[in-house]
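Before any questions on binding or motion, here is one chain by itself as structure tokens, the form predicted alone.
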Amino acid sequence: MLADNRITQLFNINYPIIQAGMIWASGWRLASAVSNAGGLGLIGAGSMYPEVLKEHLDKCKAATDRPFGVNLPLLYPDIDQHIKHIIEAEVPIVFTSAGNPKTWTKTLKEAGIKVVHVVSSAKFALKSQDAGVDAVVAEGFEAGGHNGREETTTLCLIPSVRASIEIPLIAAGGIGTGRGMYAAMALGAEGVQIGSRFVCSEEASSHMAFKKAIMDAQEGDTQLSLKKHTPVRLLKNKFYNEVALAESEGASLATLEQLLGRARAKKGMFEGDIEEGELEIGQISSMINDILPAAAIVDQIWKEFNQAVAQPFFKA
């Protein structure tokens, strides 16, 4: 049910399920697996040098004949090279984030690329629409990774954005099940973007130690941190405790940047240093208990969604 809507038509996919482009987790293997399963897989370019992104684009094109995309943080220092590789590879879809959508939307659309921008407020959703994007992702603060300072929950954000824009809307933040997808669609979304659940997939490039830490996570084990720097939701560990202490003592931006150092996210999510690394993950982590093939995750979410449509309320 509901497989044919503006999102599936826009991306030419079977199901309105988008795998988020997460740094250190979503390379070509994950993106191609999700796309082959009927969703939309995204390569997370935020952790890649231009030549690495090119390699992932080439391998993804070889691994799937279905549409796939790239998540591109607009604050990336070598973004012009990323854009060049994306256009040369004829990538059909780009999700932009962490920056002004006006900067590159026109260039991408002139190359025949569909553009989606990630926002955390109705205000920026409207600005994105005015910039000419094809759709927006409205991401509530339950989400892992970079987040909005406003701390608006998905439950409040989705209907607010829906009332503000006319273009297609994708919901993100705290969604990892079919019933979560059903709730987002009931609030006005036409598709969902899911990150944390796909981190615990067989194809995700995230380190096994990180995946195990996610499966061990309980309610309250994540926290939105670094709001003075770049807001990010972290799994609590030694590094998080150091950040929390520094913030409680009124640490300056320079102090926080020094604490972060270089490659802190790579150390945690890709190399598996569970105590010293930065572990970005969403609140839904407390409901993730296994590692599955990406195709099985897509299938499970879609089946649960349709079960929820058929029986929206649990019977006592």
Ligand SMILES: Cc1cc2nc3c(=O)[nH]c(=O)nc-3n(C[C@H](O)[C@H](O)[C@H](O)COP(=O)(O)O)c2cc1C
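Keep in mind the model is a prediction, meaning the values are calculated, not measured. Heads up: residue numbers just count along the shown sequence, starting at 1.
There is also a form predicted together with the ligand; it is not shown, and the following applies to it.
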{"item": "Non-hydrogen atom within 4.5 angstroms of the ligand in the model of the complex for each of Gly145, Ser196 and Val199", "value": "yes"}
{"item": "4.5 Å heavy atom contact, Val298 to the ligand in the model of the complex", "value": "no"}
{"item": "is_contact(Pro168, the ligand) in the model of the complex, heavy atom dist at most 4.5 Å", "value": "no"}
{"item": "In the model of the complex, Ala172 touching the ligand (heavy atom, 4.5 Å)", "value": "yes"}
{"item": "Touches the ligand in the model of the complex: Gly178 (any heavy atom, 4.5 Å)", "value": "no"}
{"item": "Which of 278-286, 28-36, 54-62, 250-258 sits within 4.5 Å of the ligand in the model of the complex, heavy atom basis", "value": "278-286"}
{"item": "Sequence-ordered list of residues in 12-29 near the ligand in the model of the complex, where near means a heavy atom within 4.5 Å", "value": "Ala20, Gly21, Met22, Ile23"}
